[in-house]
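Presented below, as structure tokens, is a lone chain in the form predicted alone.
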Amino acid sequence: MPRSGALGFGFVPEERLGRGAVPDMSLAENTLLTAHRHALARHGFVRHGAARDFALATIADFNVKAGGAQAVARSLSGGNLQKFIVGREIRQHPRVLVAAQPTWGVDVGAAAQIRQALLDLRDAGVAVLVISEELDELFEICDRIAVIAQGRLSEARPRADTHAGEIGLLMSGSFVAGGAHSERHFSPAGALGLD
């Protein structure tokens, strides 16, 4: 069975340290978590130079402030580690990218850079699913917005046809209580943006 990466799937998890990156591994080593298919390993052996080069290119492309490819993940600020993780996934040219809370806990500059990277990816024809509780972020990035509340998924609404107040009501579960005809069962609560 092909791996998700071979299918063109990228994922930015909500938790940076522990899921997006191994805290005590270097950035070069952390590239191997998802970018292993980019000739970073051959015949079961890690190509350390290729992993270093991939990490350095990600650092440069996404303006990550780090002490180089050998810097351990936990030594980076939250925003810089998030930019590295987002960059690592985008540099693999996914066809589908799922980003959970992509700008949570990062400064304004890093958040703007991450949002722009997601918009650029969308504009390049990549399907981007953003999972976020930040309504401003969803309205900036997404073409359509759906809500998960009480284990149910609302109908996706075009961004231009809705507003934050309506999405807020949906997040309270109003579509579940009202018996919305277009819902699916999921968990937990939050809003989704679809590019």
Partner chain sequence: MRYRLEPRPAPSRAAGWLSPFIAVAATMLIGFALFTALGKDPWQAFHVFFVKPVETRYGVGELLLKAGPLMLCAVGLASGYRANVWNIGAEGQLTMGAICGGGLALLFHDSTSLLLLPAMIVAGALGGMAWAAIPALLRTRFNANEILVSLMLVYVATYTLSLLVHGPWRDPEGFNFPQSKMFEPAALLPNLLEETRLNVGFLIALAAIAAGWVFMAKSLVGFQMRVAGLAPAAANYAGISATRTIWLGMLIGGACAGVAGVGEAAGPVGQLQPSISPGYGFAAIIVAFVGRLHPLGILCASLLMSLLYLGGESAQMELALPSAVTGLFQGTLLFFLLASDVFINFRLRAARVPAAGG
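Numbering follows the first chain given and starts at 1. No experiment lies behind these values; they were computed from the predicted model shown.
The protein also exists as the form predicted together with the partner chain; that form is not presented, and the subsequent description refers to it.
A single residue from the set Ala41, Leu153, Val126, Ile131 has any heavy atom within 4.5 angstroms of the partner chain in the predicted bound form; that residue is Ala41. In the predicted bound form, no residue of the candidate spot (Asp161, Gly168 and Ser174) has a heavy atom lying within 4.5 Å of the partner chain.
The partner chain is not drawn, but in the predicted bound form it has a heavy atom within 4.5 Å of Glu29. Interface residue remark: Ala60 is not counted as part of the site for the partner chain in the predicted bound form, having no heavy atom within 4.5 Å.
Mapping the unseen interface onto this chain, Ala100 falls outside it, with no heavy atom inside 4.5 Å of the partner chain in the predicted bound form.
For the chain shown alone, Arg74 is a contact residue for the partner chain in the predicted bound form, at least one non-hydrogen atom being within 4.5 angstroms. Listed stretches are 29-37, 52-60, 133-141, 153-161; the contact stretch with the partner chain in the predicted bound form is 29-37, by a heavy atom cutoff of 4.5 Å. Taking the partner chain as it sits in the predicted bound form, the stretch 84-118 comes within 4.5 angstroms of it through a non-hydrogen atom at Arg88, Glu89.
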